[in-house]
Structures are given as structure tokens and as C-alpha cells.
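Taken one at a time, structure 1 and structure 2 that follow are two forms of one protein chain, written as C-alpha cells.
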Structure 1
Amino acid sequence: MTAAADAGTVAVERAPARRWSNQVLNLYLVLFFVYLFAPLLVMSAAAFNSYSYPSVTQWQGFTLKWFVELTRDERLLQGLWNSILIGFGVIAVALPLGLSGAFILTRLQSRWSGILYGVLVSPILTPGIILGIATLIFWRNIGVAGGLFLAMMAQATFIASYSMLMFMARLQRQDRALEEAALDLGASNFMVFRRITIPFLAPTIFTAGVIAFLQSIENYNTTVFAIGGNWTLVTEIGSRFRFGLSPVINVIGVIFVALTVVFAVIYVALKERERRARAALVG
């Protein structure tokens, strides 16, 4: 028997085994996604139950009254407004910091750049509560107590690191020849920056801004330590678990789920279009 025939029989023997292992993998994926989504469905369903304690098992009829109740909930609405304020503050602080860090790290050729990189990404790897605590202690020495401002500063500390990583990824794909050419043709550094670098970064600045805003709104662990006597939407939700748990929280959950699904579908659709455009270009 030849070697080729040998390999052939092995392949034939192995094919069903491979199909079988793919089936197992598919089943595993199905289970994993059920695990991810079933709890969210449970939570969403309870928003429509007229029973006043959030539950799906004690079903007392379909209702939309909790949605109405949410619009009357002053504290939650005020919290949402505070969250939005903090979110814009975070964009204003974190993006310039992230940009500066990215510019320095992509151009600095030094043995210190490794350490600098480590320090600048360290907020991502630090537990959120510690960022909140450190900010609280630091500003107390200057006489600033916990509140919206400190929540914004504490959040910006690590959100700036995330934006920096996004800017670095973009800058690494920059074609330096364009800059060099502009400089050779007599453009000033500032002009190159304004006419070449910033337009090149513009899409990333937009994405980083949106992501910074969302991360800020979502944040709980850092905010809860730095917010003092004030509150955001999320810290208010957090305190409701101890006192006054009601299906209004589930309504917020439904709204979050709906918004997330819409945004995620748009995001993935855009990426998929981009991928297909690139594939068409190559193919």
C-alpha cells in the first residue's frame, strides 16, 4: 500500500470524527448563548408583570404601568442627568489625555517607553474601587469632597487609558510618508498636525468619545466611592436593591437591553460591511 493511499484512509476515517466534534462544539455554543441570554429575558419579562415585587414566577397580568412610574421617578431622572453631565466631562478630560499619551508612546524611541506604557495602562488593570478611593483621598487633601466632579475625575483616569489604546492602534496604521512629504514641502508642524494627523484620527476620536461616554454612564464600582452624597443613574439603581426594589428597575433593564441590541446590531453590521468591502477589494 502506498503512502498516499494510507493518508487517504486516515482522512476518511477521521472525517466523521471531525463532524462529530463540530457537533459537540455547536451544542456547546448553543448552551453558552442560552446561558448568556436566558437571565436577561427573565429580567426583561418582569418589567411587564403587574406584581409589585420584581418577579416572573408570580405572574399577575401584563402591564405597562412601571414604564409610566419610571417617568415620574425624580431621583432616577436626576441620576440620569448627573450621569450625562459626568459622561461629557469624562469625554472632555479623557480624550485629550489619551491622545497625548498615544502621540508620545507611538513616537518615543526610548528604553523608558515600556515603563511609561505600563504606567499609562495600569488604570485598566487596577480594580475600579481603588481608583475611586485613591481619587477621594487625594482630593480631600485639597479640600474637595466626593461628588460629581470627583466621580468624573476617577472615571477619566482609566477611560483615558482605553482611549489611548484606541488611538495607538490607529496611529500605528498611519502612513508616515504623508507627514514627511508635507514637512518637506514646507508645512509647519502645527499645520501637518491640523491638516493630516487630526483628520486621520477623526473617526477614532468619534468612536473613542462614544465609548468613553458609555463607559462613564455604565460605571458603578469606581463611581460609588467617589460620588459622595450625590448620585448617578447607576448608583441610584445600586441603592434600590437594598431599599425599594421594584419593577421600575426592570423597566430600565428593558430599555438598556433594547438600546444595546440596536447599537450592537448597527456596530456589527458596519463591521461586516467593512469586512466584505475589504474582501471584495482583495478578491
Structure 2
Amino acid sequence: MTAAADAGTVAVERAPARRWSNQVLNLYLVLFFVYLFAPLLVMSAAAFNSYSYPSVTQWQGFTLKWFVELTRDERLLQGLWNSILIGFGVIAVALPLGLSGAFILTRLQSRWSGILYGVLVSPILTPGIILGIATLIFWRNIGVAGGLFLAMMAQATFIASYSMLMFMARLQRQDRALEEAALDLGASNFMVFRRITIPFLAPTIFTAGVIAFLQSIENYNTTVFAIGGNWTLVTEIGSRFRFGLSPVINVIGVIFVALTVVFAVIYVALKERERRARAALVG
């Protein structure tokens, strides 16, 4: 009885401390989400303000004219199209390079693996300005001027390293016995890669592709030095900062946020559907 009474006393004494810690945690979560979403809400509200400068403090009425203005802004639309082209080009270059590097580092048993890892990861640690200038100088020496292609190659130099790290994390969890068994049964290396390795890497390939595209779309430092006389969406927005922005820029932000939410909801719904299907098969 004495032990039970002591335990009850300790529980009663700890209850206020637990409530206090829960209150602190709840306050932290509130502040975190306010910090995360308040700028997005302010940006979105400014896109519907009639005021000619992005603002919510000087509200002059609800309007959709800035959405119409966006459809008439040829430079922004062309910049968006250029960004999309570069983004898909980066995916086509960065993912195979990243996968190749991941295979070398996970399958190669050598004392030089640590050095090679440092070399392949170094583009992530290199400032974007240096990458852009170095890419421009290298390709200009062989007769390739700045443009969309050069911007794509400059971005792929460091985005490939991100992809490599993602592929490495996935490959390190792969059961190599499956590949060895397939080889023992007469399968070629290409068949093993196509029928076993690629399906295993499929989720990471999709995720790496999405991240590579998003990194390409938002990149400025590297792109601005390699793009030459062309422009992307972010370089065009950056150039307009010198002359003052209009709420059209906020409209672009609203559209991107809306698309992100839609795709996130679709992705979660598909994953939930897949989980339920697997649960039904197991049951």
C-alpha cells in the first residue's frame, strides 16, 4: 500500500509539470505554423488587392485584374516556359548521373570510396555563383554560349548530387540477394537492373524527379550567370526588383501554392488508396 501511495503522490506532483510542458509545446506549434503560413497568407491576399503595389495594409478593394495581367505579361509567361523546359532537362541529366554515382559508391568496395564520395558531393557545397560562372567559362571555350542549355547543365551539376544522395539511401536498404539469385538463374545484368533494381528504385526516382524539378524552378544564383540573353521565371522576377514589383508576382505565388496543395492532396490520397489495397490483400 505504501508503494502504491507513493506512486500516486509522484503522479499527482508530476501532473502540473506535464500540463505546463504540453502548453509550451502547443504554443510552440502555434508559433511555428504562424511563422510558416502567415507570409503565404499575406502574399495571397495581396494578389487580390486593387492597390498597384503588393500590400495588404493599404486595401483598396477585391479584384482579379492581376490574374488577367499575368496572362498578358509575355516575358513572365516566356520565363515560366523556359523554367519548365530547363526543369525537365535537368531531370533528364541529373537523375541518370545521380543514379550512376549512387551505384558506384554503394557497389564499389575501395579505399578510395571516401574520397570519391567527397568529390561527388562537393557541388552541393559550392556556391551557386561559382557553379554558374565555371559552367559558362567551360562551355564557352568549346563554343557554347549562355542560354537554356547552359543553364540546364549548370543546374544539373549540383542537383545530380542531391539525387545521388537519395538513390544511395534507397540502395543501401536493398536486398542484394535478389539480384544475386536472378544472376544465378541466368538473368543478364540488364534484365536484373530492369526487373528488380528499377522497380525497387521507382519511388525514389519519382521523388528525386520532383525535387530536381522544384530545385531547378527556384534556382537563381547559378541560372543568372549561365542563362545568357534568355531568362527564366525567377531571373525575370529578380530583374524587376530594381523597378518595383506589381501584384502579378503575388499571383504567380498563389498559383504555385495552389498547385502544390492540389498535388500534395492527390499524392496523399493515392498513398492512402495503396495502403488500403495492401491491407485488403493481407486481410
Partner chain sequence: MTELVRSYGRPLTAIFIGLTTLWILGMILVPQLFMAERSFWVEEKPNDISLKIDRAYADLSTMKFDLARAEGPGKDEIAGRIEAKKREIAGLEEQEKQPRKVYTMRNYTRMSALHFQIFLRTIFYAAMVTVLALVVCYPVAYAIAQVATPRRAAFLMLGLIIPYAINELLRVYAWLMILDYQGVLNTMLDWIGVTDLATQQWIPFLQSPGAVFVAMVYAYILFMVFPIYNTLETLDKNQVEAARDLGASTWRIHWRVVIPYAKPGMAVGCIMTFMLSAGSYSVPQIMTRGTSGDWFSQTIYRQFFESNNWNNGAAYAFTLLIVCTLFIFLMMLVFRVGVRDIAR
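Everything quoted here is computed from the prediction, not taken from an experiment. One-based numbering along structure 1's sequence throughout. Definition used throughout: the rigid core is the maximal C-alpha set that superposes within 1.5 Å between two forms.
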(request) Looking at the two shown chains, say which is the form predicted on its own. (result) 2
(request) After lining up the core, report the Cα displacement of T260 between structure 1 and structure 2 in Å, one decimal place. (result) 2.6
(request) Taking the rigid core as fixed, quantify in angstrom how much the C-alpha of L270 shifts between structure 1 and structure 2. (result) 6.8
